[in-house]
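Shown next as structure tokens: one chain only, the form predicted alone.
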């Protein structure tokens, strides 16, 4: 086992266990934002959903699925790229991406956790909702299938993937005296650096990589089915909802992974382990995903505009020139701008971190806006029932809760970085020998 980053004295590598003034300010800021989000949520629980801007469709003229459901789709989508990049780098032995495999796995786990938390928040009374789901759930329901796939399949599998993939490094840092030594020994779980142990570790991680990608693809496709099979909602019914969810998930997930990788690189000052080749690979993947996402957005628009039933055309008009037009055109412009930045990078063959981060922020924001347009307009406009058009825009309660979710996700990632090496300490060839 070749160790790429050695420990020095009693100091743990990559700043693990060392809390600087900057980190204290970061943790304090995230705790305050998360605390404010908790306050807003408690107000919602005590007074009911009436304190939000969500309302029933029809006579109340609103949207029962609001910003929380939008964030469920966004967070679950972000988780897709992380675990796929980690798995692909192992299966196809892409050595340039292996240094960021743990960053990718951590992004997946964090996104899944806050995504599932957003589901529970949307229930209003989560305990009652979970109990009723267990008592009265319809297994054939796509929503039930998606929730159970993510909560009982993808998240546990991702946690196991992260845990097993880091056991080697846990054994390395557990040899150094520190306040975290007990945690590292527990994580190592008796790992011994023998040839047989390393071979078993490589085989397990390889087959986990092979199995976890189809699992999350099925989960995301089923999530698209939640919308795609609802024939009473113009803009939702269609066979492309599953592929559209996958494509937009890949774009938003890769964008978030690229930004997080740049942040980790800046924090560690480690230009060797996370070099230009890492961003080159991520930039290429993001270019393909963003191009596919923009293609889907344009095709969906053209389909809505031509040869569709009346209610579908009404929805298209609302998106193009109605109350949702500013969100729609901003999302198109942001996705196109991000794609142009990536194309310039690819054309010049100079994958610079600054423009890549900017392109990633633009694409991620466009994906979030597109998720909003997927969920909301079909509830407030062009329904097949004889009701007047409704309206919905989140209020401060909803924005505060969502900001708290983002802060909680940032806290989880920050705590991990301070408790465990975020970059692998060992160079693993990932060669699977014959049994």
Partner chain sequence: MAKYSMVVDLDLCQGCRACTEACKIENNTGSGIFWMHVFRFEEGEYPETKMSFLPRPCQHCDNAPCVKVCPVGARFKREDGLVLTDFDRCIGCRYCELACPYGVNYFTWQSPEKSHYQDVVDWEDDDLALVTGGLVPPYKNPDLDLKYGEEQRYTAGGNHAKGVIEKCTFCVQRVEKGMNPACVETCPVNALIFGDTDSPDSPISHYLRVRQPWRLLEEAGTHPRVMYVGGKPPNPSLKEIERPKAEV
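Positions refer to the first chain, counted from 1. Owing to the predicted nature of the structure, the values given are computational and were not obtained by experimental measurement.
The form predicted together with the partner chain is left out here; the points below concern that form.
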| task | Using heavy atoms and a 4.5 Å cut-off, decide whether 181, 409 and 422 all contact the partner chain in the model of the complex. | result | no
| field | Contact flag, residue 373 vs the partner chain in the model of the complex, heavy atom cut 4.5 Å | value | no
| said: When the contact criterion is heavy atoms within 4.5 Å, does residue 93 count as touching the partner chain in the model of the complex? | reply: no
| request: Although the partner chain is absent from this view, report whether residue 233 comes within 4.5 Å of it in the model of the complex, heavy atoms only. | output: yes
| Contact label in the model of the complex: residue 387 to the partner chain, heavy atom within 4.5 Å | yes
| Which residue, 263, 229, 292, 332, has a heavy atom that falls within 4.5 Å of the partner chain in the model of the complex? | 229
| note | Of 32, 38, 60, 403, the only residue with a heavy atom within 4.5 Å of the partner chain in the model of the complex is 60
| message | Please pick out the stretch from 341-349, 246-254, 317-325, 130-138 that is in contact with the partner chain in the model of the complex, where contact means heavy atoms within 4.5 Å. | response | 130-138
| query | Are there residues in 357-381 with a heavy atom within 4.5 Å of the partner chain in the model of the complex, and which are they, in order? | reply | 379
